[in-house]
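A single chain, nothing else alongside it, follows as structure tokens in the form predicted on its own.
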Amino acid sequence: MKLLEERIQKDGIIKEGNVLKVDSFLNHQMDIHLFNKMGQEFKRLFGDKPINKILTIEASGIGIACIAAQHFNVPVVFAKKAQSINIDGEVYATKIESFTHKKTYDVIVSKKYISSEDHILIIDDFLANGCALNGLIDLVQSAGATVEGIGIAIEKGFQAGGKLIRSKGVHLESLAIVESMDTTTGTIKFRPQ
């Protein structure tokens, strides 16, 4: 998606450790106009699927998922990274390691919100090593639901996550795939789409 690539070039900051900081428009401050265009593109890419729910993980995926859900006219469910007193009843649970935070989270979704009847589109902001997506796929499969596809805003194509998820036969679409990042020059190269 050219609009997203241009925004990454303009406002993205490369940090040590293969970190791409896009908090000025994607995952701290959010550009809703850009999110709307991304939602339209996800609808174009997955519009032929019988999607009835979008699943994401807190926190950075929620904004993108909510705007995309408007284009699909479906609800959003987000996996929580901590048990809280307001989640009652049984939950699906998995463990997810965060690339950015270098921490493992116990992630949960209430069984009230995902069932075997659901056809799920998973949406997230980043794909690096694929740990979060593997965990979300695990949650969907635990419910007996169907993963219809995965939509990612930014994929780091030089890390293993995309290849790992695609090898499972899952329909994965990333709006921008970063092929390389140079911390010295600040150069970001994208995979042609």
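Quick caveat, the model's predicted, so the values are computed rather than measured. From 1 onward, residues are counted along the sequence shown.
The form predicted together with another copy of the chain is left out here; the points below concern that form.
J.: Quick one: from Ile137, Ala143, Ala69, Ile165, grab the residue that has a heavy atom within 4.5 Å of another copy of the chain in the predicted bound form.
T.: Result of the distance check: Ala69.
J.: Asp23: heavy atom within 4.5 Å of another copy of the chain in the predicted bound form?
T.: Looking in the predicted bound form, residue contacts with another copy of the chain include Asp23, since a heavy atom lies within 4.5 Å.
J.: So in the predicted bound form, does Lys43 come within 4.5 Å of another copy of the chain, heavy atom to heavy atom?
T.: No, Lys43 sits far enough from another copy of the chain in the predicted bound form that none of its heavy atoms falls within 4.5 Å.
J.: Please run the contact check for Ile32 against another copy of the chain in the predicted bound form: heavy atoms, 4.5 angstroms, yes or no?
T.: It does: once another copy of the chain is placed as it appears in the predicted bound form, Ile32 has a heavy atom within 4.5 Å of it.
J.: Considering non-hydrogen atoms and a 4.5 Å limit, does another copy of the chain approach Ile62 in the predicted bound form?
T.: Flag for Ile62 set to yes.
J.: Give, in sequence order, every residue of 31-57 that has a heavy atom within 4.5 Å of another copy of the chain in the predicted bound form, or say none if there are no such residues.
T.: Counting only heavy atoms within 4.5 Å of another copy of the chain in the predicted bound form, the contacting residues of 31-57 are Ile32, Asn36, Lys53.
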